[in-house]
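Shown below, as structure tokens, is a lone chain in the form predicted on its own; questions about how it binds or moves come after it.
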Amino acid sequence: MAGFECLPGFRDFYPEACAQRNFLFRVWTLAARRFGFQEYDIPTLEPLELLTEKSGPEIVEQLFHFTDKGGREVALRPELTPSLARMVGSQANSLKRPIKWFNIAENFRYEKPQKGRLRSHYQFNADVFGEPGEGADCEIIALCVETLLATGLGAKDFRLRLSDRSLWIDFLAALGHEGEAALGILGVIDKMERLPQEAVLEKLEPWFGDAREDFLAQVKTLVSIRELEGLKRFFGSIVSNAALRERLDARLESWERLLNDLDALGVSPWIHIDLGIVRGLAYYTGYVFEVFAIDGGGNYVGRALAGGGRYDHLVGRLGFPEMPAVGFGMGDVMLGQLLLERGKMPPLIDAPDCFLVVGGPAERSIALKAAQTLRAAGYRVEYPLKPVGFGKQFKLAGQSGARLALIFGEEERAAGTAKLRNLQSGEEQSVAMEQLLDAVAEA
């Protein structure tokens, strides 16, 4: 009979993999706290209706969902944002604004496992509620970049592609397409990089008919622009309606303030204007972005490392008063793979600080008392759990990765000392038992 295996799309975390995952958790947590974000948590199980309200009924096919014993339709959370919006909305009147929260949690999606996308993954989310201005967008974008830099990635490893749903909505409005029609067109544009041109033209046909090739040419021009002045020239050339032109001018001024602030925060080298990013979900309302790894030639590779944007209407859609919001998510799967590929994942098996090399039964009691003293002081200590020869113990000490060995033999017991050996340099010294803590701290 074959043994049991992990379910498809799920992972076992053996100690090394668990240490790598926990490294990401530490980086995420420290980065969020440096930016003044507070941690929250949410249930793993949520009402199915909450998730469909945010993403639409089509998401049901991507969920682990069932009817519980109380007859409720429920699902394992596929993401954090709906639950977060529920939490913030239900306590909106008592929460000090701006609300800056972060979370690290396991999410679940029932879809075909593939490279970079599993049925279970861990995700870092950071969000700001209650601030409508681009200052909140700037804070979120800067946190996203700084978090990736804190993993050891650098200028040659990733780019943040910054776009704006507001500009797209105004662009389509200038062409006479608003409301559901605009959202449908944006859905096609969002898939443009992943589809052949013939398929894109076919999908655009219901809105543009024979003019779809001209429209696609305009779109390609827009998504090729990489500087703010280029955006100003583009929209200045196509918008004649005075009210729409005034709205666009105000939005481009917001862009200028955002880019200036990002530059002041030192993250602008990683920011690329790229309106090819649309973020297909209909609830995005303003600035949106995705982060991709780049190869040596500056080409984007793989799936997005992170993504997010502004979603000002979600809290209101859940039945609470409207509240502006912006945030991003960053998963562990793609980021972990990239760090391993680029040699940025540090050696992570937790090594003990000290390995105790123990003689006979008489020395064992002394060694165990020393272990307790060292552990109480915060040191990580290992020793053989059963009698082993000195030669074997020194081999185990080297394999453990410990920096120090404390040797308890007959001579040391007679002298009331322990021998402290630096396993990296080989240097040794005899230490009186009452001075053990000080000697380890100084070694």
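Start at 1 with the first residue shown and count on from there. The shown structure was predicted, so the numbers you read here are calculated from the model rather than taken from an experiment. Between two forms, the rigid core is the largest collection of C-alphas that superpose within 1.5 Å.
The form predicted in complex with another copy of the chain exists for this protein as well; it is not shown, and the discussion that follows is about that form.
Checked against another copy of the chain in the predicted complex, the residues L63, V27, L404, I407 give one hit for a heavy atom within 4.5 Å, which is L63. Only one of R194, K112, R226, K369 comes within 4.5 Å of another copy of the chain in the predicted complex through a heavy atom, and that residue is K369.
Stretch 125 to 133 is the contacting one of 125 to 133, 150 to 158, 289 to 297, 194 to 202, since its residues have non-hydrogen atoms within 4.5 Å of another copy of the chain in the predicted complex. Not displayed here, another copy of the chain is approached by D12 to within 4.5 Å at the level of heavy atoms in the predicted complex. Taking non-hydrogen atoms only, F394 never approaches another copy of the chain to within 4.5 angstroms in the predicted complex. Using a 4.5 Å cutoff between non-hydrogen atoms, R375 counts as a contact of another copy of the chain in the predicted complex.
With a 4.5 Å cutoff on heavy atoms, E79 does not count as touching another copy of the chain in the predicted complex; it lies far away. Taken together, the three residues P8, R21 and K100 all lie with some non-hydrogen atom within 4.5 angstroms of another copy of the chain in the predicted complex.
Residues of 28 to 53 that come within 4.5 Å of another copy of the chain in the predicted complex, judged by any heavy atom, are R33, R34, F35, G36, F37, Q38, E39, Y40, D41, I42, P43, T44, L45, E46, P47, E49, L50, E53 in sequence order. Annotation: Cα of S365 displaced by at least 2 Å between this form and the one not shown, core superposition.
Superposition of the core reveals a Cα shift of less than 2 Å for Y311 between this form and the one not shown. Once both forms are overlaid on the rigid core, the distance between the two CA positions of M433 between this form and the one not shown is 2 angstroms or more.
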